[in-house]
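Have a look below at one chain only, the form predicted alone, in structure tokens format.
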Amino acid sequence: MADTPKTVFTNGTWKENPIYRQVLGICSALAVTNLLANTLFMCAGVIFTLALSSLTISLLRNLIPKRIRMIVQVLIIASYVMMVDITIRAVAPDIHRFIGPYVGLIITNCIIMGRAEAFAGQNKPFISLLDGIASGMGYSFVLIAIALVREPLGFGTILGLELPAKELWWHQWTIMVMPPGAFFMLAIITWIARCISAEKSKT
């Protein structure tokens, strides 16, 4: 039986956060978070795909044969990813040139496939839609938090706008625009989030 909307939302955004709790979807977390603009487009694409694919799979859950359910799920997810890819290409071609390959990988994102198989295929449409939105938001919170640190430290900018400190005294941290910087930030955020969860479980 499906959980209540409040429980589903809390689980997706915090208690069962797909990145720091389940360690899913970290490829994009490491690849697109050096610039906040890239991160925002990726997050919007994942939320859109997660929400609508979960809704669609839930609506069709009683019609999809069990033997081919994963093939059908991939086709549904791929359809929404194509919409995202075309939209980003049209709206922001410069950003698409950087994140385009990673947008295509949304199709096989473990978060989306996991929610489709574990939740949407067994629950009603509304609660599945909410689960998709919540999981997408949980994913987005972590990516945005990483980008908000990496871009200022690595480039001295935020959303491409130079920060005052860059002109006065700031020296850029080159490591923050490289893969190790993403690993460090992901590890720190995971550590902080799990410490908070541990403290809350004691009270």
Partner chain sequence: MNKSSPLYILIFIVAISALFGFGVSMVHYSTEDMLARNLTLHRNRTIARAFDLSVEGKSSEAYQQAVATAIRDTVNIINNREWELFYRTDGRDEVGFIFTGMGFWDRITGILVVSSDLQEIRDIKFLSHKETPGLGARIEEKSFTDQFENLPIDWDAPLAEHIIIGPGDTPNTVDAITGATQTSMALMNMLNEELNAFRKAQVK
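Positions refer to the first chain, counted from 1. Everything numeric in this text was worked out from a predicted model, so none of it was measured.
FYI, the form predicted together with its partner chain isn't displayed, but the following is about it.
Asks: Among 28, 140 and 143, does every residue place a heavy atom within 4.5 Å of its partner chain in the predicted bound form?
Replies: Spot residues vs its partner chain: no contact at all.
Asks: Looking at 143 to 151, 39 to 47, 130 to 138, 65 to 73, which lies within 4.5 angstroms of its partner chain in the predicted bound form, counting heavy atoms?
Replies: Contact criterion met by 65 to 73 only.
Asks: Are any of the heavy atoms in residue 60 no more than 4.5 Å from a heavy atom of its partner chain in the predicted bound form?
Replies: Residue 60 belongs to the contact set for its partner chain.
Asks: Does residue 124 reach its partner chain in the predicted bound form if we count a contact as any heavy atom within 4.5 Å?
Replies: No, no contact at 4.5 Å.
Asks: So, in the predicted bound form, is residue 118 in contact with its partner chain at a 4.5 angstroms heavy atom limit?
Replies: Close contact is absent here: in the predicted bound form, residue 118 is far from its partner chain, nothing within 4.5 Å, heavy atoms only.
Asks: Spell out, yes or no, whether the shortest heavy atom distance between residue 110 and its partner chain in the predicted bound form is within 4.5 Å.
Replies: Residue 110: no, not in contact with its partner chain in the predicted bound form.
Asks: Do any residues of 93 to 113 have a non-hydrogen atom within 4.5 angstroms of its partner chain in the predicted bound form? If so, which ones, in sequence order?
Replies: Stretch hits, in order: 93, 94, 97, 101, 102.
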